[in-house]
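Quick setup: one chain, the form predicted on its own, written in structure tokens, and binding and motion questions come after.
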Amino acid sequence: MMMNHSWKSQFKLNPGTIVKGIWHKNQYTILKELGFGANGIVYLAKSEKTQVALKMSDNGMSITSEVNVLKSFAKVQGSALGPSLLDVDDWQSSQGKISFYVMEYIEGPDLLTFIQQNGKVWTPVLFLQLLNDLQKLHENGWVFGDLKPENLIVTGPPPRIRCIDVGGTTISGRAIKEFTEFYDRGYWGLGSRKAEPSYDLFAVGMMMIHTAYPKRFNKTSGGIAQIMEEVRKKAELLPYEGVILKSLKGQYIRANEMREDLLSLVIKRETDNSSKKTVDRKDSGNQSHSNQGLTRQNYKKKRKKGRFKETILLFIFIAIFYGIYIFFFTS
């Protein structure tokens, strides 16, 4: 979905252009274009105090709708999924009056770029954050709709997932306003475009798949069979196969359900990895003792040292587990 290109050309603003609100009199200097879509153009601009993102459109109803979404986001306690709303006004340009709103400028790499730069270990961490925020959004009567990696920015440190486009956010029960085919269950023949939590959770499953397919893949036969065939081709997706399948089949009613399953997988993998390392160390120690003919006294010292290391590792694992629990269940 793209906006009218003639409109974009007509209102294309050069760097240095000053946008001054008719009503609030706030002034913004355009720095560069950040992007454009179905309902407007977003610019990076400079206010008196800081850099901001300024979105303008010839569709006043669209502006009003997105402003209402951002206001609703602000009421969701403990969630920072969307940008903060800073100003709403009209600008009297040489081409006529144009509506705009100003929001927090969220800076950082998009979701896929961050994972590619920092490693797949961040995949479950960021998706746990996202599911936590989606749960709060859904509880407040909204469905994100056009959920895709390009709309998700990772800020930090510490890494925190944030959204930069709320244009597709829809009131629960209505028809989805905007969507991108790859993440849309209707496109794959796996459900309606009714705004409900399971619509967003389908998109989350497809985004998890996208982390292993940076260029995505084309629809052929469609349906669950084709998608899961692609999942099974990627070793990094196999641990999450069950979670992805349930999200695609619409078996999660709430985001927290998907989040709990994903968190259980993360904890299980950490436990299994810790146990495997302990067994490997024991095997290595026993082999070394056999080959080198250690004296009984040295062998006892080595076992005592090994037990001490195991205790330290167990303590570290418990601390990590507790940190995960505190971060994800109390955030």
Partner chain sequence: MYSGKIRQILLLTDGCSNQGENPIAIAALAREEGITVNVIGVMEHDVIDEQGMKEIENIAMSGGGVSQIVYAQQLSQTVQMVTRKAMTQTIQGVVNKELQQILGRSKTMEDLPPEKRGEVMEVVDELGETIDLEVLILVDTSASMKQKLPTVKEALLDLSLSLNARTGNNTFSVYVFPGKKSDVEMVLDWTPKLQSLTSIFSQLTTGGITPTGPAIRAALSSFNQKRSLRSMLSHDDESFLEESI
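Remember, predicted model here, so these are calculated numbers, not experimental data. Residue numbers count along the first chain shown, from 1.
Beyond the structure shown, there is the form predicted together with its partner chain, which is absent from this document and is the topic of what follows.
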Notebook entry, point to check: Of the residues Val243, Leu147, Val102, Ile176, which one places a heavy atom within 4.5 Å of its partner chain in the model of the complex?
Noted result: Ile176
Next item on the list: Quick one: from Lys194, Arg160, Lys249, Arg254, grab the residue that has a heavy atom within 4.5 Å of its partner chain in the model of the complex.
Entry: Lys194
Item checked: its partner chain contact in the model of the complex: Glu230, any heavy atom under 4.5 Å -> no
Margin query: When the contact criterion is heavy atoms within 4.5 Å, does Lys97 count as touching its partner chain in the model of the complex?
Written below: yes
Note to self: Residue-level question: is Ser47 within 4.5 Å of its partner chain in the model of the complex, judged on heavy atoms?
What the structure shows: no
Checklist line | 4.5 angstroms heavy atom contact with its partner chain in the model of the complex for Asp261 | finding: no
Item checked: Location of its partner chain contact in the model of the complex, chosen stretch of 63-71, 26-34, 263-271, 48-56 [non-hydrogen atom, 4.5 Å] -> 63-71
Next item on the list: For the heavy atom contacts within 4.5 Å of its partner chain in the model of the complex, list the residues of 84-104 involved, in sequence order.
Entry: Val88, Asp89, Asp90, Lys97, Ser99
